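Okay, here we've got a single chain as structure tokens, the form predicted alone, with questions on binding and movement later.
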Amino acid sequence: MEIIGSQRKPVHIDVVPTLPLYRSAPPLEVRLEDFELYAMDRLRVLKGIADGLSRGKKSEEMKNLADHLWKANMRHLDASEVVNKDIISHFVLRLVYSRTEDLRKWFLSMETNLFRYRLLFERPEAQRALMAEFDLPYRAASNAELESVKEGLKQVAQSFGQPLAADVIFYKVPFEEVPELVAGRRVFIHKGYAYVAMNQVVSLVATQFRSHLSKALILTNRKWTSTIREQEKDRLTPIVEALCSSYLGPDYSQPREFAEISIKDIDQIAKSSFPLCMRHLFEKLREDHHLKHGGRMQLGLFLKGVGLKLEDALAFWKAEFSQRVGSERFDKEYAYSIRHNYGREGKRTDYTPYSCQKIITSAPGVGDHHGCPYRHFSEENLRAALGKMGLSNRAVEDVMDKVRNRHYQLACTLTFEAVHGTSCDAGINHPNQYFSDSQKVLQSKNQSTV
């Protein structure tokens, strides 16, 4: 796959009759803009699937969610380019997520799930064709074999409220190759073999897809490390290394619905509408009258995004820091960076508040207070902080369960729901989104009591 500049060149590949298996990168020329945009569109699909799985959606719900996400994000104005977009985006993200073991595990899991859900929408003939593509060595069970396990097959079918049809073809498969069917008790197991019905071949194909992709990710990482990273250090490498932590929503560089907050209200607002990460920084600032650089950046850009004007921001930070370092030193050492964040110094860049992903992947050191509490706090400190926010013991346990499974944004979402007494189906993806959604809920409650 060759990356080219902005000039558009037509690309043509044979139409794939069914799902692509992504066995080798296609000989396509890709514009640099498409390289990134296609990848971000696919990333929206994968992150949507990850969120749905983490929130415990059922199989049918996940199938429909994946279909919706795919149709919403993987369209193309040119219908003939849809397949190209599918293939290109997969290989770009394969490059992005091959670089560490954690990234590989996440990508492997989400891509396999996406493949399985898409395969479920295929016709039986297409499913069988993919089975043939993988050259699966499984043989159909003979009539004599089926007769000997007939009662077991019947019991499995009845457990799902389905009769055992007389003409169903069953494959004998080593049980460890269909773990999801075994876990769901959807197959009969006899002497180490699972009897897999024809309508369950999706699991067989998905298992093979996962195996092939797992090996491919290792090879991709080797190639990236040995040659590509250095060769593309001025062009593709920055894009690839940033994509895995890309935030895909609004940037909150400008205040939105709630356009302005004042210094006199900030303590009350911090208590009612700041997410835990910002509430912790705010309280530490009030307590110590100082924050290190990482904390100043994380909290300062958040406050900018929720509507604290530059003049008020300077007054707010000066009031705190002056108690520790004096007014003169504040004006000399700290005021410039605050004006810089608001685009009034240096390159005049309008800096954006940090997303959850950026905060989660930060690495606070000793004496730092920035970062994500759900990831960086000890269990004891996190429990205490959640209790201080008013969460019940049950709610705290639910949050801790998400934390133990490293679903930090979902832990924050559960905190939001517990604090506000309302659901947050979209999930929390940005501290400023938390603030905005909180203010909407509180305004709605205030209006209903008037």
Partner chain sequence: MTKEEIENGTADMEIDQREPLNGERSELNAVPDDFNANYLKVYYGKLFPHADIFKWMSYGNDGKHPGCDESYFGRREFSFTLDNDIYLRFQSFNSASKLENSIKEKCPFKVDIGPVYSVDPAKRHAYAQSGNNVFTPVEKELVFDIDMTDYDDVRYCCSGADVCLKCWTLMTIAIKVIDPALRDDFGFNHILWVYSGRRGVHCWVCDAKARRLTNEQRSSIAEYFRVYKGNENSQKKVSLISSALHPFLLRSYKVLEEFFEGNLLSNQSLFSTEERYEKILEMIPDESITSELRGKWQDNKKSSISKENINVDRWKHVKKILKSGKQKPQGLGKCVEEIVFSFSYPRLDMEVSKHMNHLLKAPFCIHPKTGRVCVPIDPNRCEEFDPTAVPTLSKLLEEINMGGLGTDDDEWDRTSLGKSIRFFRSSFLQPLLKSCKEEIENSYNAKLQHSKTSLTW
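Take the two forms, superpose them, and find the largest set of C-alpha atoms that agree within 1.5 Å; that set is the rigid core. Values in this document were obtained by computation on a predicted structure and should not be read as measured data. Residue numbers count along the first chain shown, from 1.
What follows is about the form predicted in complex with the partner chain, which we do not show.
No member of the trio 310, 315 and 326 reaches the partner chain in the model of the complex with any non-hydrogen atom inside 4.5 Å. Between 270 to 278, 156 to 164, 119 to 127, 93 to 101, the stretch whose residues reach within 4.5 angstroms of the partner chain in the model of the complex through a non-hydrogen atom is 156 to 164. The contact residue chosen from 147, 176, 287, 345 relative to the partner chain in the model of the complex is 176, the criterion being a non-hydrogen atom within 4.5 angstroms. For the candidate set 185, 293, 215, 139, a heavy atom within 4.5 Å of the partner chain in the model of the complex is found for exactly one residue, namely 185. By the criterion of a heavy atom within 4.5 Å, residue 192 is counted among the residues contacting the partner chain in the model of the complex.
Looking at residue 238, you'd find every heavy atom of it more than 4.5 angstroms from the partner chain in the model of the complex. Taking non-hydrogen atoms only, residue 367 never approaches the partner chain to within 4.5 angstroms in the model of the complex.
Contact annotation for 139 to 153: a single residue, 152, has a non-hydrogen atom within 4.5 angstroms of the partner chain in the model of the complex. Once both forms are fitted on their core, a CA shift of 2 Å or more is seen for residue 159 between the shown form and the other one.
If you fit the rigid core between the shown form and the other one, you'll see the Cα of residue 195 move by 2 angstroms or more.
Put the two forms on the same core and the Cα of residue 322 is off by less than 2 Å between the shown form and the other one. Compared with the form shown here, the C-alpha atoms of residue 397 and residue 180 sit at least 3 Å closer together in the model of the complex.
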